[in-house]
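Shown below, as structure tokens, is a lone chain in the form predicted on its own; questions about how it binds or moves come after it.
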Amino acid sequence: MSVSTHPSGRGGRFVRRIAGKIAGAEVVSGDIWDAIQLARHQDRPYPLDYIARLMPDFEEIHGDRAAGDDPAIVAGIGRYHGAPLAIIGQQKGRDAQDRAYRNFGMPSPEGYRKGMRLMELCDRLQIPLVTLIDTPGAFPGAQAEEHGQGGAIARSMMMMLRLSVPTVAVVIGEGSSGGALALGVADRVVMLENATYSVISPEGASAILWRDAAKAKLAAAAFKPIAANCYRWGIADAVVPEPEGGAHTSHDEAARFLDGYLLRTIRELQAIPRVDRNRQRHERFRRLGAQREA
């Protein structure tokens, strides 16, 4: 099985559709909720799991040079297939203690500022950037708001839009709300087969719309955030397959699938002149949500 790419041709020729999921009929609401639970599976590989398999010499940076360090964001540089590569990822934590330490993958402003430190380094040293998105959303606590959560998210998106280096955003699990969008403004946006991507979590949407978080299934059925739909609507440029049963069944195989897509895509992006690549990135996001005449 190989990668499904958007009809525009983005993602190269590493192509074959995931049978029945991309071109097929709309998924029923029960299946959508099942997919969301699979994206949240506690045994799915997190950024550090992929990094360990793809970049064993990864060197992590810490701190935002202003207020502190946020363990919910992992950021650093390593060697990928013989060349430097930077990665920023949202780390949820594997057990109860680690989840508390990582704040369940919900970043604070310090985390996004740490990520921007690495983005600036990428621009200075001309190192490609990959982001690994997996979060229920940015941390909504009072302290995060006091430290400028909204501004940090906005600046992260703006900086990604302006980077001169190739960028790839990969939704590896749950990509929800501004916490995910902060790392999603890339030349290519790809989703793993069982990942989800939306501007708000189903629980958050139901709490706002119906003042009842128990109606999360209803909200999920309304905005259908699964990879097949995001690909169909042009939000995702490609869908990377997972091992049979989901990425949690084999971290090694999941990393191998992702490796094949990343290597080809980074090389394709590096072959595009910098000015053209930045123009295409701007045009990509301007197109999102545009109305088409019948």
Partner chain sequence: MSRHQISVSIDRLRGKRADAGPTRRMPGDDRSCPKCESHFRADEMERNCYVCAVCGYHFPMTARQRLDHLSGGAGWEEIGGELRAADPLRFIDLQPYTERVQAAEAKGATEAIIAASLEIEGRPCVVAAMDFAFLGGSMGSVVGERFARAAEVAVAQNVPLISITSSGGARMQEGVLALMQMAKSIVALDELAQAGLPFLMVLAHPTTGGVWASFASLGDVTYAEPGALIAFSGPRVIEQTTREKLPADFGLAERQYDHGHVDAVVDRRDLPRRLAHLMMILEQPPRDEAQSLASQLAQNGTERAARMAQALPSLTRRFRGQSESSSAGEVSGS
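From a predicted model like this one, the values you see are computed outputs, not experimental measurements. Residue numbers count along the first chain shown, from 1.
Just so you know, the form predicted together with the partner chain exists too; it's not on screen, but the next bit is about it.
A.B. asks: For the interface check, one of 84-92, 199-207, 70-78, 121-129 should have non-hydrogen atoms within 4.5 Å of the partner chain in the model of the complex; which one?
C.D. replies: Partner-contacting stretch among the options: 199-207.
A.B. asks: Just give me the single entry in Met116, Leu181, Ala216, Val165 that has a non-hydrogen atom within 4.5 angstroms of the partner chain in the model of the complex.
C.D. replies: Contact check passes for Leu181.
A.B. asks: Is the gap between Ala138 and the partner chain in the model of the complex 4.5 Å or less for some heavy atom pair?
C.D. replies: The answer is yes: Ala138 has a heavy atom within 4.5 Å of the partner chain.
A.B. asks: Could you tell me if Ala142 has a non-hydrogen atom within 4.5 Å of the partner chain in the model of the complex?
C.D. replies: Yes - in the model of the complex, heavy atoms of Ala142 and the partner chain come within 4.5 Å of each other.
A.B. asks: Does Trp233 reach the partner chain in the model of the complex if we count a contact as any heavy atom within 4.5 Å?
C.D. replies: Trp233: contacts the partner chain in the model of the complex.
A.B. asks: Give a yes/no on whether Met158 approaches the partner chain to within 4.5 Å in the model of the complex, heavy atoms considered.
C.D. replies: Close contact exists here: in the model of the complex, Met158 approaches the partner chain to within 4.5 Å, heavy atoms only.
A.B. asks: Hey, which residues along 208-224 are within 4.5 angstroms of the partner chain in the model of the complex, non-hydrogen atoms only?
C.D. replies: Result: Ile208, Leu209, Trp210, Arg211, Ala222, Phe223, Lys224.
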